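One chain is shown next in structure tokens, namely the form predicted alone.
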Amino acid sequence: MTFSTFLTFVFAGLQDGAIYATVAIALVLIFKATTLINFAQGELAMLGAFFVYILSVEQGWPVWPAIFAAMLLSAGLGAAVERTLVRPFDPTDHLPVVLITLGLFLFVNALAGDIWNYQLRPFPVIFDRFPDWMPGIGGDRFIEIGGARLFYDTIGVWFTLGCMLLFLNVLLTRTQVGLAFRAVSSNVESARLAGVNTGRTLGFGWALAAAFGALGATLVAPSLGGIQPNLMVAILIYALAGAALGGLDSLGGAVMGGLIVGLIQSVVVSWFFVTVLEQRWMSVLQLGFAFAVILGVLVFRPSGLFGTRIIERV
């Protein structure tokens, strides 16, 4: 494998890893607040991408206003799910909520398939090309580094992830609602005794996770050539592997875990597939790798690389 080929796989892995990190952050936000995995996160994100499709393709909106509007709609949907389907149940009894999220996963997927069917639909290009004013680039969709092409949409995905992390940092450390969310994530009972409205705060967490999940699905769709109801099924598995690897209660760990999963998937698994095995085995190997990561973390390091270790007195 030449150096330029290696760089090509690295760039692809970092792009995929940034997308996995975006969805993994949404999973971690829910887990920090409820210690639960929202199995419907991917399908809610898929609905957000379809909101973008409706506004941009069918209604003719510019793509970025459509994305922001879809994130707001998804946030409202996430808050509504928390209020109507999650909050009525005892938060210490996890089984009903897990079953609800699994049922919601199946319901949303079937509903989207009934409305839009499972044909691949065209999705607008989000990151088209470099600005014309940039010297030496002039509107091309890629730049060459070491003989490999670094595409503009890859840089755009990285930039979007960076803006998302900056926004989250400001929101969670400088605003009242963010501090309340951190308090609830740390200890629900203590936050309630301190006067925090835990119900509204958890609803805010679900809304935030749904909005970022929709952003992740919007980044996924162009790279897959379009949108259809099964858009996020495999992506959710990769994002869950990244979240588990980094630590399910660590936002920074979710980012690092997503990037590591993307890099290993691209550089190791995809390279092995390209050079050794037949093409038809690629998706099987990639999904198998994600499940292996999840299993390995659960067995050898349940807290992940950057998660908080639980110490129990015996």
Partner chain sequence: MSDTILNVSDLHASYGPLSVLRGLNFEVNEGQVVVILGANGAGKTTTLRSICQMCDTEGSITLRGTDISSKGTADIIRLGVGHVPQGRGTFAELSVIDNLLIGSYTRSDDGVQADIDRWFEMFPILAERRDQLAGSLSGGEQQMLAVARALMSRPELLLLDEPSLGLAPIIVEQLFETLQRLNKEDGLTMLLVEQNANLALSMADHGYVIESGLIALEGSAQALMTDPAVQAAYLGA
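Positions refer to the first chain, counted from 1. None of the values given here were measured: they were computed from a predicted structure.
Only in words, not in the display: the form predicted in complex with the partner chain, which the text now covers.
Of the candidate stretches 110-118, 177-185, 84-92, 237-245, only 177-185 has residues with heavy atoms within 4.5 Å of the partner chain in the model of the complex. The partner is absent here, but in the model of the complex a heavy atom of 196, alone among 196, 100, 126, 143, sits within 4.5 Å of the partner chain. Of the heavy atoms in residue 149, none are within 4.5 Å of the partner chain in the model of the complex. When contacts are judged by a 4.5 Å heavy atom cut-off, residue 171 does not count as touching the partner chain in the model of the complex. Proximity of residue 191 to the partner chain in the model of the complex: non-hydrogen atoms within 4.5 Å are present.
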